[in-house]
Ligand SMILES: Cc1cc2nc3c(=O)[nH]c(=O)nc-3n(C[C@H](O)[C@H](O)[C@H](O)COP(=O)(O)O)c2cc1C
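Single chain ahead, by itself, as structure tokens, in the form predicted alone.
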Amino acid sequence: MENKITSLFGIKYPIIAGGMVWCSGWRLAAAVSNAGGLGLIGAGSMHPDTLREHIRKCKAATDKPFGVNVPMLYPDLEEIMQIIVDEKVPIVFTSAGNPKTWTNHLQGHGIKVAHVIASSKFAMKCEEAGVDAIVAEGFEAGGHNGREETTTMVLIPQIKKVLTKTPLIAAGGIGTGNTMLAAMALGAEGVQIGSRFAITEESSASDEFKKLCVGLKEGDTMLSLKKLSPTRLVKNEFYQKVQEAEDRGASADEIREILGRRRSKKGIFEGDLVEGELEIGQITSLIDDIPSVGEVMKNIIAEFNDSAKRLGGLNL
């Protein structure tokens, strides 16, 4: 397949891996890129020196394009951006901030920039900022979510309607060939997949976390931490503590105190399934294995092609 997204990033398939904290290290990014997609290193869980190490290891593991995902609310942002420039990373996905802040600077160094949003309002701001692509993420997604709680199926056509030139990538609830096809039928030219890649052999998440996710059913994840930043979490004991506090009207400061520090590392990376912050998307209820990235890509592409062929004969 060749379209605006594959041409923009120099990839074979319009499939981008989510830059997920504690999951998206160099092994996952390189594996996705080697399989024909675009792998992203998740800078949100890395100190600057750690990020530099992962970039260099990813370069050694693939000769294909890869990128770095940078949540702009994290500390050390200037140092992180300088490392990205120094290491000549070709692509950056930014989120959780104003796209105008870094887009021109990065593009001035020959770096392609995509920005993640969850509403038409911010999609238009991205286009004004001149980003190269926009990721529209529905509230089915794991991790941090938009406050509007708009589903991907509603969000994609809304954003496609207001864009004039910028290619659109769909995210949230996408992890199969059929969901990819549905997103592209709604107007997306590529997809970003998080949870399915988080539960693979190459993901840096703990084995305990991966095994838990394989057993999740419908309704086992919910949006939480709404007074801080809405985040989709697995319903464990930590989630219950937050939910009880939110139900009794706890302030943002109280919720922040319950959250503490390094909670997501404790859960996703270290495997504390009781007290950890376990971020994963709704699509996980469809996942029942922990395959390699290569197997995931092969299955997505085969299902996409089979369904596209089948639907090509439909008429009303």
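Everything quoted here is computed from the prediction, not taken from an experiment. In case it trips you up, residue 1 is the first one in the sequence shown, and so on.
Quick note: we don't show the form predicted in complex with this ligand, though the next part is all about it.
Partner contact region in the predicted complex: 274-282, out of 244-252, 274-282, 57-65, 26-34, criterion any non-hydrogen atom within 4.5 Å of this ligand. Screening Leu168, Val89, Ile193, Leu212 for any heavy atom within 4.5 Å of this ligand in the predicted complex leaves a single hit, Ile193. Residue Ser95 is the only one of Thr103, Ser95, Ser206, Asn178 with a heavy atom lying within 4.5 Å of this ligand in the predicted complex. Although the partner is absent from this view, Ile159 stays clear of this ligand in the predicted complex, with no non-hydrogen atom inside 4.5 angstroms. Residue contact check for Ile268: one or more of its heavy atoms lie within 4.5 Å of this ligand in the predicted complex. Among heavy atoms of Val293, none comes within 4.5 Å of this ligand in the predicted complex.
Proximity of Pro99 to this ligand in the predicted complex falls outside the 4.5 Å heavy atom cutoff. Annotation for 123-144: interface residues with this ligand in the predicted complex are Glu137, Glu140, Ala141, Gly142, Gly143 [heavy atom within 4.5 Å].
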